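A single chain, nothing else alongside it, follows as structure tokens in the form predicted on its own.
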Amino acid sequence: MYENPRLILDSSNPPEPGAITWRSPSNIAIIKYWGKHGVQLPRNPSLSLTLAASCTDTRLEYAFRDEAHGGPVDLDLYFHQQANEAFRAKTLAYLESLAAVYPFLKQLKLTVHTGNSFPHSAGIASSASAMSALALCLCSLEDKLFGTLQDTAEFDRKASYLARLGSGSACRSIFPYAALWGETALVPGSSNEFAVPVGDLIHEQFRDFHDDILIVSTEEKAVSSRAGHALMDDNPFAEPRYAQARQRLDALLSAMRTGDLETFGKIVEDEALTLHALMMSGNSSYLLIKPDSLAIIEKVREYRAATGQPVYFTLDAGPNVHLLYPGNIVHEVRKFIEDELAEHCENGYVQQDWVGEGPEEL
């Protein structure tokens, strides 16, 4: 889609060394994306809320190399100021895969410094914030070197496209408030290639939503999201699930337009449990949810029944529970978390978050 063999630097007039830094948030999917095909293409549309506090800061340093641009990408990577070979290998493979989009990358010496405000690989979509931050750096680099991304909408669209190639859910982190990824007649301009913003389609109360993430475990997941998506290929419930997701998306968009919290909450919770049911019911079943996750879910439902407060849970691909609720009840809910839920969290750890305005260049 964005292949451009002309994006080659002039060795007779090389750029000065420089650096670009972006902060990009994670996101929490309400309609879940689980199952893909082709090159990071979704089997069903997904919709997410963009977070604020759970984010990745990435600094991309670059300098011109004398070597011919046909050689390998030259990359060093530091995660929380420490060299990290596993992350470097993953990032290097990603950058190499962009050769047709960004041939100039092989003309540069690249150094990435990155870090998260939350535990990685524990089911808080660290790949979403990390890959979106890197994609934004790459788009800024393209624009700085070639002046080709002056239009803000096109900049965001290309950043979302590039982020998707690194991590599917990352394409949704580019946009403020809420984003949709996956082609659907419900949202004009939607695409499987990149996400689109839908913040203007939702009731204003959802822009003031909180997402307090109850960290049941910071351990790296036993089954990665990448492996989990692949296991959907032979899941006997895959096709009904994809149809179900499309039906729920229609109902969710309607509820979010009108501010129908009860319908919103029911879909949120049903989607969370469906995601983990798919993991447990496939031909190669596995379990990421923990006993403390279930204890939190039960207490949330009891609290809602007793108080009438619109507090809802969701889960990503891991054991940690996201507690979603409007900002006008933050004090009551935070007390409930402290009194009843924190005991189920690892060392009492709760990542307080909220719906945010999207990435920012630092």
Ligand code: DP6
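So that there is no doubt, residue numbering starts at 1 and follows the sequence shown. Remember, predicted model here, so these are calculated numbers, not experimental data.
There is another form of the same protein, the form predicted together with this ligand; it is not shown, and what comes next is about it.
Can you pick the stretch from 74-82, 97-105, 165-173, 187-195 whose heavy atoms fall within 4.5 Å of this ligand in the predicted bound form?
-> Result for this chain: 165-173.
Which of K266, H113, K109, H229 has a heavy atom within 4.5 Å of this ligand in the predicted bound form?
-> That would be H229.
Among Y62, Y33, Y325, F336, which has any heavy atom within 4.5 Å of this ligand in the predicted bound form?
-> Partner contact (heavy atom, 4.5 Å) among the options: Y33.
Residue contact check: Q40 to this ligand in the predicted bound form, 4.5 Å heavy atom = Although this ligand is absent here, Q40 would touch it in the predicted bound form, with heavy atoms inside 4.5 Å.
Is there any non-hydrogen atom of I296 lying within 4.5 Å of this ligand in the predicted bound form?
-> It does not: once this ligand is placed as it appears in the predicted bound form, I296 has no heavy atom within 4.5 Å of it.
Does A317 reach this ligand in the predicted bound form if we count a contact as any heavy atom within 4.5 Å?
-> Yes, A317 is a contact residue.
Is there a heavy atom of C55 no more than 4.5 Å from a heavy atom of this ligand in the predicted bound form?
-> Output for C55 is no: heavy atoms all beyond 4.5 Å of this ligand.
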